[in-house]
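Take a look at this single chain, the form predicted on its own, given in structure tokens.
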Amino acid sequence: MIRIGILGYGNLGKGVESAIRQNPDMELKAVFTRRDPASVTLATEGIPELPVAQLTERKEEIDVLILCGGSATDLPLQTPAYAADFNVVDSFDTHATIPEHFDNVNRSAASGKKTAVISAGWDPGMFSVSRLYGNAILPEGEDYTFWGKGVSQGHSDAIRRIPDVIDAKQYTIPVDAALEAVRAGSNPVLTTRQKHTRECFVVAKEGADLGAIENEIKTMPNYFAEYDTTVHFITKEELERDHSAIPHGGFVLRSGVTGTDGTNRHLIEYSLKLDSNPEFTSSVIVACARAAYRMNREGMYGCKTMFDIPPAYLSARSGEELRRKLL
């Protein structure tokens, strides 16, 4: 049995706990939290909820520590800090700083002869692998990634930070015409605005200046200013009734040509449709925890991404069974 520890018990941590229960070669040993452990109620009976301060003294009981914090402030500090003492997996998803995060974690994990898998999830993660396969198979071509329709938790949080906003959900939506142009093989050059739109559902305080809130959303740089954005003001009850779920998904496409004259066109398309973004991400993380455990036992130390994991190491099935059933 692969013994798993969870650090952080928000949506992602709860998803990891659920995913472990679906994998018979794994067992949850403990959940570590920065909150008062007495305030945390797990779905799995008999598992201790412990303060973060007790993590290092439990390291002999844990084969892989799964880090369920946020990419903005938690993981850049936590993953390098714990990678020297534990095999770890995180879901760091700030694409622009993944190389820096990789280097920091690699130094720590290599020094402790541990294995760390970073940026596990669906993008980065499953979508990244699809882009790699597409580029390797069709070297003459173009990559396209569309996200949604789904809830962007970061963009939703950005709206909630606006004065007089009580709560909000923001959906990222692919532009159908752009997606179909790619599928048609025309290899279009697309701007940010041409690929996605954004739709916001906002609960504002009574008496708030709705026009000012809408303008602040639509002009917010790096979040909404580059997109066609629609804002709806609704009640708290409507938000809870109609927008409590966290769905997401998207498409990765590689459009390319082969042949000496480049006349034969090909399209690779990979898509995801997710009822729960955090639960699916958690399922990918748990598979990567199995891979981290196996790689560490073989002396594959340091930081890894999903590019570095042999696909068979993700599966609980034996090599013989994989060849017989899936190959």
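All residue numbers refer to positions in the sequence shown, first residue = 1. Everything quoted here is computed from the prediction, not taken from an experiment.
Beyond the structure shown, there is the form predicted in complex with a further copy of the same chain, which is absent from this document and is the topic of what follows.
Heavy atoms within 4.5 Å of a further copy of the same chain in the predicted bound form are found in exactly one of 66-74, 51-59, 258-266, 32-40, that being 258-266.
126 is the sole member of 81, 126, 190, 179 with a non-hydrogen atom lying within 4.5 angstroms of a further copy of the same chain in the predicted bound form. Between the options 104, 156, 197, 135, the residue in contact with a further copy of the same chain in the predicted bound form by a heavy atom within 4.5 angstroms is 135. Mapping the unseen interface onto this chain, residue 276 counts among the residues with a heavy atom inside 4.5 Å of a further copy of the same chain in the predicted bound form. When contacts are judged by a 4.5 Å heavy atom cut-off, residue 270 counts as touching a further copy of the same chain in the predicted bound form.
Within this chain, residue 291 is remote from the site of a further copy of the same chain in the predicted bound form, having no heavy atom within 4.5 Å. Contact check for residue 95: a heavy atom falls within 4.5 Å of a further copy of the same chain in the predicted bound form. Taking the partner from elsewhere, every residue among 119, 139 and 315 has a non-hydrogen atom within 4.5 angstroms of a further copy of the same chain in the predicted bound form. Along 1-34, these residues reach a heavy atom to within 4.5 Å of a further copy of the same chain in the predicted bound form: 18, 21, 22, 23.
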